[in-house]
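Shown below, as structure tokens, is a lone chain in the form predicted on its own; questions about how it binds or moves come after it.
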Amino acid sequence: MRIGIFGGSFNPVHNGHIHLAKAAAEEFKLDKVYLVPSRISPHRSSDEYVSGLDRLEMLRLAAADDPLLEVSDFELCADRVSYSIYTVEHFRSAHPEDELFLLVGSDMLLSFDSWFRFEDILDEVTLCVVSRNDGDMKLLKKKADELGQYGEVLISESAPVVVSSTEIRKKIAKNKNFACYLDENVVQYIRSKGLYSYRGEAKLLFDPDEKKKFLKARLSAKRYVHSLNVAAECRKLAIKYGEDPDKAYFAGLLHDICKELPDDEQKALVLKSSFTVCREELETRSLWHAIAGAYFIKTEFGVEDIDILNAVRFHTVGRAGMSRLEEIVYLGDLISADRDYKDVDRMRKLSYSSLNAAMLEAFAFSIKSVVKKGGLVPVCTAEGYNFYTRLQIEEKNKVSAKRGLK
């Protein structure tokens, strides 16, 4: 048999990893490829890692539908640094009559001669390289020629899939879309376990009871009930629109945390914060609590998730280009169960049928209310109204174009 060995941190395993394994298997006629997550990488700090068990489970999920791929826990069970020579020796012992092929990405080939006992590795295996970057083939072939004196080195001609685990972790931490880079089962696993989130965030999101006690002692009964209602509404909207329901509940629960602080304390928090605040907001007392609230949960609760902070900060004024979570909290506050203004039922229905249309309606409602009271319209609110107006115009134009084609 021809056995492939593909090791790495897989932190997390992504589509590029699976592409590399499958491309190498097809091109080099491999009968099986073992995916081997490392215990302690000699090249990276262990502080970057989620647990070995999590990385192992994510690999199993990603490889579940392909009988060619098999996951090995050899390195995770070994109580030493995961040098590749030890892994090669393990598989040589397990497969004494088989041909072994060690799969590496192009970045690993370029530094291969710095690996621990690299000559011994090439005595036992054929090194197979799959490019991870466009335009590096000439450089790879030159390096392969240099290493040829120690053993056989093969380079795949397949097109690379350029994906980085580091960039994926950054996207997850900043609450940006990362699902397109991973197997859908791996995405669900990461979300369910709260992996790669900002420090301390998982505890905050999944333990709301402590924050409820804090709010109950700090807010009036009416404001506390409103906060619970908004949190519940945000959870429902999150489920409807594919956002994290626990995060939405958390942000909705805390959106008015500073609402009933004395004016001077609210303004002091606003002035201390690093948020950009326009003149109209500084001159409008009723808007201070949102900015103060975002600063408060950041400094007092250690919330570092910028999406949660922005959801609280902009829940009264809105802005252009709001994230999905920001939109959910903005609307959740407007349509919570305790709201009874005229047309609230229409707004509730719209919020669950068309998010963009609901946001435009909400901005129009807010601006009309401010104008009616003779107040100041913040620049970010006007920009938000224009932003969602343009989105609606674009949607209508697309519909008209489709009808024209028919």
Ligand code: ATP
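Since the structure is predicted, the reported quantities are computational estimates derived from the model, not experimental observations. The first residue of the sequence shown is number 1, and the count goes up from there.
Beyond what is shown, the protein has a form predicted in complex with ligand ATP; the following relates to that form.
A.B. asks: Flag S131 as yes or no: does it have a non-hydrogen atom within 4.5 angstroms of any non-hydrogen atom of ligand ATP in the model of the complex?
C.D. replies: Yes, S131 sits close enough to ligand ATP in the model of the complex that at least one of its heavy atoms falls within 4.5 Å.
A.B. asks: Answer with yes or no whether V161 is in contact with ligand ATP in the model of the complex, where contact means some heavy atom within 4.5 Å.
C.D. replies: Contact with ligand ATP, yes.
A.B. asks: So in the model of the complex, does S72 come within 4.5 Å of ligand ATP, heavy atom to heavy atom?
C.D. replies: Close contact is absent here: in the model of the complex, S72 is far from ligand ATP, nothing within 4.5 Å, heavy atoms only.
A.B. asks: Quick one: is T166 in contact with ligand ATP in the model of the complex, heavy atoms, 4.5 Å cut-off?
C.D. replies: Because a heavy atom of T166 falls inside 4.5 Å of ligand ATP in the model of the complex, the answer is yes.
A.B. asks: Given that the partner is absent here, state which listed stretch (118-126, 140-148, 97-105, 320-328) has heavy atoms within 4.5 Å of ligand ATP in the model of the complex.
C.D. replies: That would be 97-105.
A.B. asks: Considering a change of 3 Å or more, are the Cα atoms of R169 and F301 closer or farther in the model of the complex than here?
C.D. replies: Compared with the shown chain, R169-F301 is closer in the model of the complex.
A.B. asks: Compare the CA separation of F301 and I168 in the model of the complex with the one in the displayed structure, and answer closer or farther (the difference is at least 3 Å).
C.D. replies: Distance between the C-alphas of F301 and I168: shorter in the model of the complex, by 3 Å or more.
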